[in-house]
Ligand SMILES: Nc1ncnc2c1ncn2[C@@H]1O[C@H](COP(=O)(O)OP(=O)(O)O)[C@@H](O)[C@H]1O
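Given next, in structure tokens, is a single chain: the form predicted on its own.
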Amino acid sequence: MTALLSASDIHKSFPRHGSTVRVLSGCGLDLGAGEAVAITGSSGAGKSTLLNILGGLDHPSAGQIAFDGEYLDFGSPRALTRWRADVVGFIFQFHFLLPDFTTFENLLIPVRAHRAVTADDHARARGFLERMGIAHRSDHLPGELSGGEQQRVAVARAFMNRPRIVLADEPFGNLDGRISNQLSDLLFELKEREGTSLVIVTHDPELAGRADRHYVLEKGNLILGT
């Protein structure tokens, strides 16, 4: 399988109290088109750090990331901004919806950040609301939604710009089991329908088990799980 995204020899260290804390020690990961990969590991192992590097939100201390054979330029803020706008969608543990914008308006924020909104964007947003079962909440503010409804908006928002890759960091960690399972189903349904690759950081073994491959981040390295 040809890799869509390839992370090679990723290192990450942080200064702390006059010393250096090494979090990642040469991680490597290949992600194929349409493939889902799960990453588990203990708290503090560096899972979120790795995900942020894959998404261009953080810089590696050493190592390279290639997408479609082209290396990501971590020295160019403009290139990283375009990468996040054109290639990557994000789902975080907390929904990060803007409180003064309606559900519908929140879905359009990734589009507005980079270009003018079109009629097709409006239609796509309405389609996501229907698919996520919250069309009746389109004019509601985030504070008027339940936690599960807010995260449904966050999942849909991650797909609005037709990303090639979605990165999800403990996306349903704050929800109860029933709601978490429902949203897992919706996430994988969207992944298949959109043909998107997916990397999920999770503590949930059931969610990790739905991925094509499962890695454990341990002592700064990715180990293929069972």
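Each residue number is its position in the shown sequence, starting from 1. The structure displayed is predicted, hence computed values, not measured ones.
We do not show the form predicted together with the ligand, though everything after this point is about it.
Undergrad: Find the only residue in 184, 161, 48, 196 having a heavy atom within 4.5 Å of the ligand in the predicted complex.
TA: Only one listed residue qualifies here, and that residue is 48.
Undergrad: Looking at heavy atoms inside 4.5 Å, which stretch does the ligand contact in the predicted complex, given the options 48 to 56, 28 to 36, 184 to 192, 64 to 72?
TA: Among the listed stretches, the partner-contacting one is 48 to 56.
Undergrad: Report yes if any heavy atom of residue 44 sits within 4.5 Å of a heavy atom of the ligand in the predicted complex; otherwise report no.
TA: Residue 44 belongs to the contact set for the ligand.
Undergrad: At 4.5 Å between heavy atoms, is residue 208 in contact with the ligand in the predicted complex?
TA: No, residue 208 sits far enough from the ligand in the predicted complex that none of its heavy atoms falls within 4.5 Å.
Undergrad: So in the predicted complex, is the ligand close enough to residue 23 to count as touching (4.5 Å, heavy atoms)?
TA: The answer is yes: residue 23 has a heavy atom within 4.5 Å of the ligand.
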